[in-house]
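Encoded as structure tokens, the following chain is the form predicted on its own, with no partner shown.
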Amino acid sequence: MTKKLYLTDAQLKSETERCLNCPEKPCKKACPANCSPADFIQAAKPRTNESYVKAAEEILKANPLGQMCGLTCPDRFCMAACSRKNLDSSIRIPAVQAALLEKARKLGGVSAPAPVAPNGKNVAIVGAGPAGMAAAAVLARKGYSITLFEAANKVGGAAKLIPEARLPQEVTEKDWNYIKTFGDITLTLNHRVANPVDLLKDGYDGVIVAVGEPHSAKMGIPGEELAVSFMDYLKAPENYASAGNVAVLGGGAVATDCAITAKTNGAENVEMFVRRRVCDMRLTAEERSWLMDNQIDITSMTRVEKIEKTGDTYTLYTCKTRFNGTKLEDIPETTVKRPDFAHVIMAVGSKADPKTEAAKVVYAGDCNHGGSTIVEAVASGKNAANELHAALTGEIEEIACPVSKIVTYKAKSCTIVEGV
């Protein structure tokens, strides 16, 4: 089943009219980037071209990657805090956000902010993923000259691994093209930085490192080298197209992307192997629905012990698991041989490189606080920009930043992008 990217006009009207415009704005507190759904929904309610543009501006001043986030944000932030949740159901806030930005951009209403005077300082940002792009947005509006180094041939970082059906690259480019108008930003693609500290020797006043977690996590089982990592798979799924059976090891959002991609790529059967219960899988309701719609089989409470290859097919050896209190343990004598898989995809997490600590080098995003969502990376990038700005100028941003008591996040930033 193909995912519909944007709400229809009727759906957008229905969702925006449900907003209660709560004075305490719990949705805003629950957003890692401190975007205010209550405010941008109220701005959009007249449903005029001008109101859509005003709503877009309300979103982008808090989150310059607002359209990417609108298409990918999970339901555990603003939607979890939405007051309508206790009446009927949460407003589909991320979907509203994405639809409003798409409308405003089609109208040509998202214009570049006014130019800012240069402050004479040069900053290098390593990594053009969400955290790096967000950091560039904040620093550019403070007058910095920025060089953004990216090892790949396009921007997006780990977000490029999200299937096109969920996050088209053209949406990432829309957000990036908007950020490029913020000031003096130079993007250097296909340029891997081996040691960020060396950039200080090259004349940069400061460095932000936002390289994500570039290494796939391992399971520590015999034969795991036979599996394809989720990174390799999602970068080029066409290289692994098969009409046979595909196994996906893991039960998170990335494993879900792998499973659905394998099915749409022609696999007859796709089976996810999950060590815990189905209810423990940290997925949104929509992601669970996609798994059902695509007829993905979920084998829960199962640990893969070993992978073997015979000819062109792979065999898994699995055992059942159970909880002993809070501890997950194998059930003895439950090993089963599962042959005839065309591919085995490992999607059990990722790891960052060790940090190189140095003055005026600041880390942001997944390489700083572990794997996260795009909106958490945006918040982290904004915070890193403020931290570096303080280190270079002594100016410390002091703003009240209310934190939600309903949801948790890996980063929270109340910084507003200047002049947007």
Ligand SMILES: Cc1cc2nc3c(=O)[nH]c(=O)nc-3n(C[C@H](O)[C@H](O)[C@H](O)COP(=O)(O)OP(=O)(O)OC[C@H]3O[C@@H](n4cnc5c(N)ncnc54)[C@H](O)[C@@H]3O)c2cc1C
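Computed from a prediction, not measured in an experiment: that's the story for all the values here. One-based numbering along the sequence shown.
We do not show the form predicted together with the ligand, though everything after this point is about it.
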For this session: Flag Gly132 as yes or no: does it have a non-hydrogen atom within 4.5 angstroms of any non-hydrogen atom of the ligand in the predicted complex?
Result: yes
Exercise. Does the ligand get within 4.5 angstroms of any non-hydrogen atom of Asp257 in the predicted complex?
Worked result: yes
Exercise. Would Arg166 show up as a contact with the ligand in the predicted complex if we use heavy atoms at 4.5 Å?
Worked result: yes
Exercise. Does Ile374 reach the ligand in the predicted complex if we count a contact as any heavy atom within 4.5 Å?
Worked result: yes
Problem set entry | The single option of Arg192, Arg322, Lys337, Lys201 touching the ligand in the predicted complex, heavy atom within 4.5 Å | Arg192
Exercise. Among Phe341, Tyr240, Phe149, Phe273, which has at least one heavy atom within 4.5 Å of the ligand in the predicted complex?
Worked result: Phe149
Seminar exercise, completed: Exactly one listed stretch (192-200, 295-303, 313-321, 264-272) reaches within 4.5 angstroms of the ligand in the predicted complex by non-hydrogen atoms, and it is 192-200
Problem set entry | Sequence-ordered list of residues in 143-165 near the ligand in the predicted complex, where near means a heavy atom within 4.5 Å | Phe149, Glu150, Ala151, Ala152, Gly156, Gly157, Ala158, Ala159, Lys160, Leu161, Ile162
